[in-house]
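Quick setup: the structure tokens below cover two forms of a single protein chain, split into structure 1 and structure 2.
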Structure 1
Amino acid sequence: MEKNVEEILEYIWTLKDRDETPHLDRVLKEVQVDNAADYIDGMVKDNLIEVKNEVVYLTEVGDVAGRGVVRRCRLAEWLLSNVFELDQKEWESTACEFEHILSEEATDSICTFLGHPPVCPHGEPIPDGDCCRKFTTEIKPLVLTVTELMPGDRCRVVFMTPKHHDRLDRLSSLGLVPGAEIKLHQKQPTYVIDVGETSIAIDYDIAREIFVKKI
């Protein structure tokens, strides 16, 4: 699929995902594509989008394609930002190129390698793929949960997915935040994590919601 078409699909899909209405004039004004109106006409003919009452709607085919572009982009951002540790300007621009060249197979392999991250560096949700639903373990994930560590392992917190917001607030107040360096002190009878000079005791349910990268 042509790069400019994918750019437009990505933009429309992102607006839809944020529950924002993709008005035609907004799409034409804000999408970073020359001659966008001509591409819009072609995308209607190719059954990727529909335009009704000056609003652009994704067809089933267009929705799948747009979702795929967004997934590739956000996974690339995560890889370049957190693994290669490029500065933001660099990983944003490079991710925009990656999203147009990664195959579905390569995308799932990267996702599995990273440990199926739920959000990109901007905090936007990463659409899941078949690998996420199956939670493939063919490639050893770079990102692990605390439950997968061994006592003595040192790592950096990458992200946390607590089910309860007050739990996140409590952990944050203790210094357990993304970027913090921690050491697993023990796993039994409860998990004990060292954060700086502070030791924090957490249960299994919390430990499996904290994702880390070994250092």
Structure 2
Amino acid sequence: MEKNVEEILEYIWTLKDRDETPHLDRVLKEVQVDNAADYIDGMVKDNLIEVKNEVVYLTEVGDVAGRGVVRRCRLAEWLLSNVFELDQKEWESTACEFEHILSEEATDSICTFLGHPPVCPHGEPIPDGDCCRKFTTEIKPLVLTVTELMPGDRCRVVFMTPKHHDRLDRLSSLGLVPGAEIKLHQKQPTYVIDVGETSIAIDYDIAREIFVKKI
């Protein structure tokens, strides 16, 4: 679907979600797309929207598509602001790009990775996806930090986000790298993890920076 079409769908869906009426002239004025009128005509032909009495309505197909764009945008915002800690200006503009390129699978992965967040950084609700519905039955985010594991849990390291570079170097020379299979041996008084036949004691601060996936 073309980028501009998605922008228009997103805008209409957002208005509808806020229980506001998407009047045609308001849409044409406020949506930031050149030649919006031409696009609207095309979208009507493609059966994404209908225009009745100067008000735009989403068709069933258009509603699903618009909802998807909003979901991708707000998830991207969450990821960029809370995980990567970008500036607001930066995460807002980058999320606007992300919403057009993420596949459904990638979106669900991000959603699961973030633990199915309910609202975006602006406080707007994030439309749920298939992955979230699964979430209601098995409450298990895909990626955890080592500190969230229980002793005895086996898992695979997905990525590490250490504060210092030499921390990463040191962990990697002990065989602790993404892809490594580890087992949490204990959490108190100090974290001890088993990597293959090696037992390594680490601080809580370091354990918190190791992200894993249970196996």
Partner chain sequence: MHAHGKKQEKKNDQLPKILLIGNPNVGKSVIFGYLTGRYVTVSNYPGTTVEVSRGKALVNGKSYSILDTPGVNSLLPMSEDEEVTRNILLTEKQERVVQVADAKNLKRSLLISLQLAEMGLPFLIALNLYDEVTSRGIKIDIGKLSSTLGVDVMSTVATRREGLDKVEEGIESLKQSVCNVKYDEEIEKGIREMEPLLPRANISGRSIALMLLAGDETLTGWLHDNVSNENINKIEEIRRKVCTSYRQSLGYVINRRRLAEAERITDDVYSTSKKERSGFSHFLGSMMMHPLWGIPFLLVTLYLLYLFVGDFGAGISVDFLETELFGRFINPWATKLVHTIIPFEILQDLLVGEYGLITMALSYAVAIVFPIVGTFFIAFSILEDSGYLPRLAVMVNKIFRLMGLNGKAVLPMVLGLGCDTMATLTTRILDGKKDRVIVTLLLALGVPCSAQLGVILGMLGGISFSAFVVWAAVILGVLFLVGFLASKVIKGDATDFIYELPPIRIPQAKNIFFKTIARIDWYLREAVPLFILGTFVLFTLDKLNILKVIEAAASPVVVTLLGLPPKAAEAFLIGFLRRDYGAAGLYALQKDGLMDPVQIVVSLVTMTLFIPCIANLFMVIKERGLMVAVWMTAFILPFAIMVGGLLNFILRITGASF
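Numbers follow structure 1, counted from its first residue as 1. Here the structure is a predicted model, which means the values were calculated and not measured. Each form is matched to the other, and the largest set of C-alpha atoms that superpose within 1.5 Å is called the rigid core.
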(message) Can you tell which of the two structures I gave is the form predicted alone?
(response) 1
(request) Superpose on the rigid core, then tell me if the C-alpha of D17 is displaced by 2 angstroms or more between structure 1 and structure 2. (result) no
(message) Quick check on E7: with the core superposed, does its CA move 2 angstroms or more between structure 1 and structure 2?
(response) no
(message) After superposing the rigid core, is the C-alpha displacement of V158 2 Å or more between structure 1 and structure 2?
(response) yes
(message) T198: how large is its C-alpha shift between structure 1 and structure 2, with the rigid core as the superposition reference, in Å?
(response) 38.4
(request) Once the rigid core is superposed, tell me how far the Cα of E148 moves between structure 1 and structure 2, in Å to one decimal. (result) 5.7
